[in-house]
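Given as structure tokens, the chain that follows is alone and in the form predicted on its own.
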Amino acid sequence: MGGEQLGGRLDHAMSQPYPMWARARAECPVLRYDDSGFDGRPSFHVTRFADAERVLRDWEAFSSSINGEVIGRYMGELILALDGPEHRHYRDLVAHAFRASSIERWERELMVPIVDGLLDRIAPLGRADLVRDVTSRYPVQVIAGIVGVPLDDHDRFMAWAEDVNSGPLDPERGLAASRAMRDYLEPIVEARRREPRGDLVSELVTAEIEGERLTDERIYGFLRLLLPAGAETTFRVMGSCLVALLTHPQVLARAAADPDVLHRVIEETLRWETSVTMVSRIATRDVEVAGCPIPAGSPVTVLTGSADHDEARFPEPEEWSLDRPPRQHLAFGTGPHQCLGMHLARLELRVGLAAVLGRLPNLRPDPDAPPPTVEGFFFRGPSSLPVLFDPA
């Protein structure tokens, strides 16, 4: 049944896509949508793990260039839109900024002080909304510090990140946010070019391989990508980690007593509720996936959220289980475009979760609020997390 259309038009507003994706994996593993919004071209959605992994690894048959068409209008020249040697060269230029020594320094200088400062405000209160008070603020402040912009401006960066990410659905708002971000960052980039510091912008403007440096447009494109990718996605998955813990109180107690458990909490949550559920590619030639013919030039959406719920790879995938045997998931993608910031994200999550569990004893859901849930189609995470705890 590969390539058949399942259930009519895709509802972009639906908040719980996993039942639809489970049916697709069983009945129609490659979904075709004729009304896809890509200049009349049909698009194809890949739902199973093995097929998703194949598409993400085969950059010659499935190009990333479509990202320039879809989101490049709002972010500028993107590393996500390049393939082959050009992509490797660009990636090598920016990868140096994410070396282990930098990440370790950011833990000490940014992550710990920022999350402790946020928890200082709520620890005496005995109650909080962890999304409002912690998860929506912590990663964006960390990214602001890494980039080298004032932490007081993190609210603006959060709004820009959301608007840029939503550009394909609201072009006017996305373009306005893109321009505002460029206007804000330009004097910072020029100042770091004249006088480099120890921040990421300094690393980007001074990075050089064989005499070549990043162009201005690629610097701004990378920064526009980093702010949404490094802030919004991490805050969403941190919220999902807390949903998992709050709905599994025995695991929460184990993690509070032994922070080493958090590594497994994070990896299982990344599989169970990735913050970004899909990745875009375009077929460079006529190709077939799971028996479904895909013509050259067709947009191909890899549903990583569905792939990480594939029963053939993860038994009982809808269940969050700390004791699940470790297997590679696709939350950070795979292949040449695997997320450059995945080690930073994992460290941010571990530091942030350890601080929340250590500073808010007897953490539990607020019984007067709705049960904590994860929602969303393209991007997933809890919209609120009302909790109670013992006041410090």
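This is a predicted model, so every value here is computed, not measured. Heads up: residue numbers just count along the shown sequence, starting at 1.
Omitted from view is the form predicted in complex with ligand HEM, to which the following refers.
For the candidate set Val201, Val237, Val134, Ala244, a heavy atom within 4.5 Å of ligand HEM in the model of the complex is found for exactly one residue, namely Val237.
Note on the partner interface in the model of the complex: the residue among Val189, Leu93, Ile79, Leu322 having a heavy atom within 4.5 angstroms of ligand HEM is Ile79. Ligand HEM in the model of the complex is not approached by Met158, whose heavy atoms all lie more than 4.5 angstroms from it. Contact check for Phe222: a non-hydrogen atom falls within 4.5 Å of ligand HEM in the model of the complex. At the 4.5 Å threshold, heavy atoms of Val356 stay clear of ligand HEM in the model of the complex, well away from it.
Of the heavy atoms in Val30, none are within 4.5 Å of ligand HEM in the model of the complex. Not one of Ser102, Val140 and Ala207 places a heavy atom within 4.5 Å of ligand HEM in the model of the complex. Proximity to ligand HEM in the model of the complex, taken as heavy atoms within 4.5 Å, picks out 330-338 from the listed stretches 22-30, 330-338, 362-370, 46-54.
Scanning 267-288 for heavy atoms within 4.5 Å of ligand HEM in the model of the complex gives Leu270, Thr274, Ser275, Val276, Val279, Arg281 in sequence order.
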